[in-house]
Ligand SMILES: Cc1cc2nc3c(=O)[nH]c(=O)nc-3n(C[C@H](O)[C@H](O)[C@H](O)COP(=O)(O)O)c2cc1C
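Form predicted alone, single chain, as structure tokens, below.
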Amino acid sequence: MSTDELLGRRLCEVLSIEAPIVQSGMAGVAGIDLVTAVSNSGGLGVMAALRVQPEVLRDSIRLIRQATSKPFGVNIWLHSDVRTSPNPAEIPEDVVRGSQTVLNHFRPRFDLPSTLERPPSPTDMIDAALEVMIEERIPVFSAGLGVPEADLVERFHRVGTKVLSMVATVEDGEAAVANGVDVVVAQGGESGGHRSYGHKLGRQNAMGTSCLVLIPAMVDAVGAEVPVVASGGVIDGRGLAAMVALGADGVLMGTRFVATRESAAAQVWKNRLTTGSRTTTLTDGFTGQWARVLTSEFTNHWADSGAEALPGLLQSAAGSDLFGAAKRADDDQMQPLYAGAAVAQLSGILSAAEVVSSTVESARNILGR
């Protein structure tokens, strides 16, 4: 019997895939190589489109199509403060000063000048990217950090695109299903990267609900209508088996796919995910939105400072000189190394195909399927 007859059958049928594994559409990680490798292995590879120029996105979609005949997805955020960026001129002076003061503490590390200036207004590219996705008739649209509105879902459906919505609450899951999405991804608090809320919450609320609690609740609420995919703390077949036992139809994996050979992540990031001390924390100091990352000098100093992050993605814009310099220098203390709560269980940098096959095979053995 084939995999889709044994494990994650409903999800596989809806998305026309063979393994109930969705790869997270992570910026700086999920490029053409990783997406095609995951899709060719039977899972759903998902490209990251946030802050990608529309014509670059179009070219990338076409290159993916040349590299695989299998379904793939494209992910972008629908967050209220990202889809339409706040005006930097309207940010209170003390908020700008507080954020830049923390960044100034580290700028000398890379011989960067200090500044208290406001960041420039970012270019709004989300709606343009959505138009490209619709025009290109992508197989799957993955909506992150915000529930897709009903008319957007309908526009994708008209061109044959399935819509997957990442949410962190049962209420958002119900709203997504009411708007017509085909798959709901329930993001537990263990997840690495950004929180799947459509607007920014306080830190405590942004931590989210554990998968152990969220997945059964989401399945009870919407599982009769659409497949439910579990996200958070899943790095191998044990996690897939556990989520299936909780009622999920499959899993979305992020951290495990960062540490693969096809990932576009820097080698220092891959190494940090697979060796040494790997504690994580929730911070908004890198982008302005809450995200789970590896604990570092920067995250500790940012938390101790009490500074307020700039809204939308303006925090990312304000610190682009510092974070960019850190990336070029392979400094693992001054750049966001996104990681889920189960990161300490990772070992080895595998191929994407090995991740998909070993995860499914191990889960099948555990579940006796």
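Note that the coordinates shown come from a computational prediction; the quantities given were computed from them, not determined experimentally. Residue positions are given as counts along the sequence shown, with the first one as 1.
Not on display, but discussed next: the form predicted together with this ligand.
Residue-level contact is defined here as any heavy atom of the residue lying within 4.5 Å of this ligand in the predicted bound form; does Gly192 satisfy this criterion? Contact with this ligand, yes.
Look up in the predicted bound form whether Asn75 has a non-hydrogen atom within 4.5 angstroms of this ligand, and give yes or no. Judged by the heavy-atom cut-off of 4.5 Å, Asn75 is in contact with this ligand in the predicted bound form.
Can you tell me whether Tyr338 touches this ligand? I mean in the predicted bound form, with a 4.5 angstroms heavy atom cut-off. The answer is yes: Tyr338 has a heavy atom within 4.5 Å of this ligand.
This ligand contact in the predicted bound form: Ala27, any heavy atom under 4.5 Å: Judged by the heavy-atom cut-off of 4.5 Å, Ala27 is in contact with this ligand in the predicted bound form.
Tell me the stretch among 198-206, 225-233, 148-156, 100-108 that has any heavy atom within 4.5 angstroms of this ligand in the predicted bound form. Stretch with heavy atoms near the partner: 225-233.
Taking 4.5 Å between heavy atoms as the contact cutoff, choose which of Val181, Met166, Met218, Met243 touches this ligand in the predicted bound form. Looking at Val181, Met166, Met218, Met243 one by one, just Met166 meets the 4.5 Å heavy-atom criterion.
Select from 241-273 the residues with a non-hydrogen atom within 4.5 Å of this ligand in the predicted bound form and write them out in sequence order. Contacts from 241-273: Leu252, Met253, Gly254, Thr255, Val258, Trp269.
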